[in-house]
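In structure tokens, the next block holds one chain alone, the form predicted on its own.
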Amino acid sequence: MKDYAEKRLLIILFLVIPSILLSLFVVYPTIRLLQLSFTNWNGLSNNMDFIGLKNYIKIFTDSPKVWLSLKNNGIYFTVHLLAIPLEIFIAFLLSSKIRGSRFFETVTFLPYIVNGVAISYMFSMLYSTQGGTINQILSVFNIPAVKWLSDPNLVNFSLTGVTLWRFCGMHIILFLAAIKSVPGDILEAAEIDGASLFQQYIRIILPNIRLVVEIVLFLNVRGALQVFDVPFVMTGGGPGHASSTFTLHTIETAFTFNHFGLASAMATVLMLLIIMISYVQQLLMGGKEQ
């Protein structure tokens, strides 16, 4: 009886501490965010007036930057989404017994653990119009210098390339772990039956790693809508507002213009967008596994 009571107390302690931390750092901030989104608080005054849904209406009616930011976020989302099949195939190749696979796994994952600001500065030098490494390589082939970060039609794709280089390694490692969990005898049987690598990839690997694909899709939605550090460091949202993202615009609204109530509403909209798009993706993936 004593052992049972001690185990029960231990379980309660394990549950209470995370619950307290979750309440302090997730639940309470979320509730406070919702409260502020219905006010006109400027971030400095002790007074805040309740203004109802005016902030939410203003987001989509009086702020054209919001639609431009969401369009830019859509570029990040689309490019990363199109890269997922390639990431899975690379993971499948790494799961094969090829020479140096451990080395390639390490190299693939390294960009993810590097600080985002450092990566941004590195790519700023690579993309530089004057003396940038990429333009110097192009000059060897007599190709004129490309304005990677100052052309409004090109800047978002340049920045997306940076985030793709940074995060695809983590996705590959996740897919690699999932592929290694697929029973080896299934792949061996398929190989004996004459199935090519591509056929094994389509018929066996993809159906067996659907849960991990759903996780990566969720990370893609969250990351695409919350991208901040790369455009902030490399372009500051420029030229003009051509590369501004929703998160960058939200922070600018709060800390540059002191519209914390409006920024809180924008953060709430962002949270709802992530939930909605993730739910739609789950429906398209066939819902929960039976």
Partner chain sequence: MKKLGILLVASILVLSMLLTGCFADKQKPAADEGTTGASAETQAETEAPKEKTTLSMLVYEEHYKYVTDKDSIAEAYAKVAPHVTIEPQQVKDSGQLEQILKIRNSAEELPDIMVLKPFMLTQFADSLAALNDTNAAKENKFANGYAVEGKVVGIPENAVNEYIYYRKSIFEEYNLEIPTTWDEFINAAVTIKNGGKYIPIGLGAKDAWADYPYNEFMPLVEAKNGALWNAMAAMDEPFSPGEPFYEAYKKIQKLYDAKVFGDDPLGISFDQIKVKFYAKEVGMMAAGQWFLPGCSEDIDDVNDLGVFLLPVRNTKDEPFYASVMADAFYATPDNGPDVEEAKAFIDWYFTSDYYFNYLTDQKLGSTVEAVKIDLPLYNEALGRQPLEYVLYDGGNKDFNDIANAIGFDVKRMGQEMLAGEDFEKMMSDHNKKWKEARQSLGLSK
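Residue numbers count along the first chain shown, from 1. Worth saying up front: this structure is predicted, and the values here are computed from it rather than measured.
Although not depicted, the form predicted in complex with its partner chain is the subject of the following passage.
- Although the partner is absent here, I119 sits far enough away that none of its heavy atoms falls within 4.5 Å of its partner chain in the predicted bound form.
- Its partner chain in the predicted bound form is not approached by Y279, whose heavy atoms all lie more than 4.5 angstroms from it.
- When its partner chain is considered in the predicted bound form, G240 lines it closely, a heavy atom lying within 4.5 Å.
- For the chain shown alone, I31 is not a contact residue for its partner chain in the predicted bound form, no non-hydrogen atom being within 4.5 angstroms.
- Partner contacts here mean any heavy atom within 4.5 Å of its partner chain in the predicted bound form, and among 70-78, 156-164, 141-149, 188-196 they occur only in 141-149.
- Taking I51, M48, I57, I251 one by one, only a single residue has any non-hydrogen atom within 4.5 Å of its partner chain in the predicted bound form, and it is I251.
- Of the listed positions (S181, S96, N115, Q130), a single one reaches within 4.5 angstroms of its partner chain by any non-hydrogen atom in the predicted bound form, namely Q130.
- In the predicted bound form, its partner chain lies beyond 4.5 angstroms of every heavy atom of every residue of 205-223.
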